Ligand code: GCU
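Heads up, the chain below is alone and in the form predicted on its own; it's given as structure tokens.
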Amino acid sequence: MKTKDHLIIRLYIAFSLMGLVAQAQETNYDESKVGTYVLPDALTTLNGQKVVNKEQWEEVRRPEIIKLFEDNEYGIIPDATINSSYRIVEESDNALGGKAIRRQVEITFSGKGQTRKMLVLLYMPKDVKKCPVFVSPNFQGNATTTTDPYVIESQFSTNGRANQTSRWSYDRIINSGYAVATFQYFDVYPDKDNDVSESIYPLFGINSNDDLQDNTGKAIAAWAWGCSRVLDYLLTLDNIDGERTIVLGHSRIGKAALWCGALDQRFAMVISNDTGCSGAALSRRNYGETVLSINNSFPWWFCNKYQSYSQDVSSLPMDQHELIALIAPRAVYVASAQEDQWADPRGEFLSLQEASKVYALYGLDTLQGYSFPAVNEPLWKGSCGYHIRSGIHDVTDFDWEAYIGFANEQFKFSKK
């Protein structure tokens, strides 16, 4: 290779590294540098009318906000007839030391001449006739969530068994009388770029990125859709309490859980664990991860239209507090981690606090007037819960204990 070519390559690498360093330096973790911003009012309709009661919210404003998120951030999944079939591939009534039923179910989706399969791992307490249930996708495969040797490895898993057991408090969940269902999120959309063809989208006639419209959903919309399909199955079971269902997600899957809970009102509770930018945190705050950085890093999570707001987040016609508001009056819990400043914990709390104004339409207590809580001291008011715990971007036993406690209070549930 010629010397000139070497120089060009070195200059290219140098400028690329400079760009990465500059981006890192521009990330703000100083509250005094957040700046001023004006949030869209969840209680003002597009034609300027004030929403003063729950009927206006449900009939006018709520549908408006859903469409804003569909058209500008998460996108839509096109209408199509998708057939689902269920096959129990393994079952035992002697799981987790004999206190749980383990069921592994293969769900087959078919449409447009295509099929896709999802493997669901379900644990249910043996001594509860009607179990509340958590639906929570996993990152690395069902077998990575447990030491249980009978759990089948997920089709796309490349990680070792029990690799992420610290995130899954199965004993605590079962001992509390709750069931839990999980699946690897790759089953519905591989978490990497240009993989529409490997996802569920060919079931809807979308076979490549060339078929995407500006408001066609991608990964987050697909992961949310997958959670709802698991609920479809759970609601066929006599021992699952269909009135006490919870969708829970961590990080990027938590963004999907929020979107799922906004759309699928069958879920009685929605839990966001460290979801940050484009999840629970306000987008207009200049703190931690931004819409620009998330779009640059993960363009396959959102619809194409979302890219147009990277340089001007103030032009977004909605913000994330309105996503949380869509869950009202159902229970919602937002959780942050002290060392996860990238996810803007204060922005997550402020978003939930602003969303709680909609809960007031239903006569529920709100978070208005409350200060950002101390670390490891959960704050629950009405149907809204929040905590910031010590530690990093993760799911811990502290989180699970808080979620179960909050669910017990909201559902008036205790294991008999």
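All residue numbers are counted from 1 along the displayed sequence. Everything numeric in this text was worked out from a predicted model, so none of it was measured.
The following text describes the form predicted together with the named molecule, which does not appear among the structures shown.
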Could you work out which of R252, K218, R284, H321 is the residue within 4.5 angstroms of the named molecule in the predicted bound form, going by heavy atoms?
R252
Contact residue in the predicted bound form, from D71, D264, D148, E289 (heavy atom within 4.5 Å of the named molecule):
E289
I have Y333, K357 and F406 flagged as a candidate spot, so tell me whether each of them has a non-hydrogen atom within 4.5 Å of the named molecule in the predicted bound form.
no
Does the named molecule come within 4.5 Å of any heavy atom of A162 in the predicted bound form?
no
Close approach of T275 to the named molecule in the predicted bound form, 4.5 Å, heavy atom:
yes
Is F298 close to the named molecule in the predicted bound form, meaning a heavy atom pair under 4.5 Å apart or at it?
yes
Classify I294 as contacting or not contacting the named molecule in the predicted bound form by the rule of any non-hydrogen atom within 4.5 angstroms, answering yes or no.
yes
Of the listed stretches (252 to 260, 322 to 330, 76 to 84, 89 to 97), which one has a non-hydrogen atom within 4.5 Å of the named molecule in the predicted bound form?
252 to 260
Residues from 98 to 122 in contact with the named molecule (non-hydrogen atom within 4.5 Å) in the predicted bound form:
none
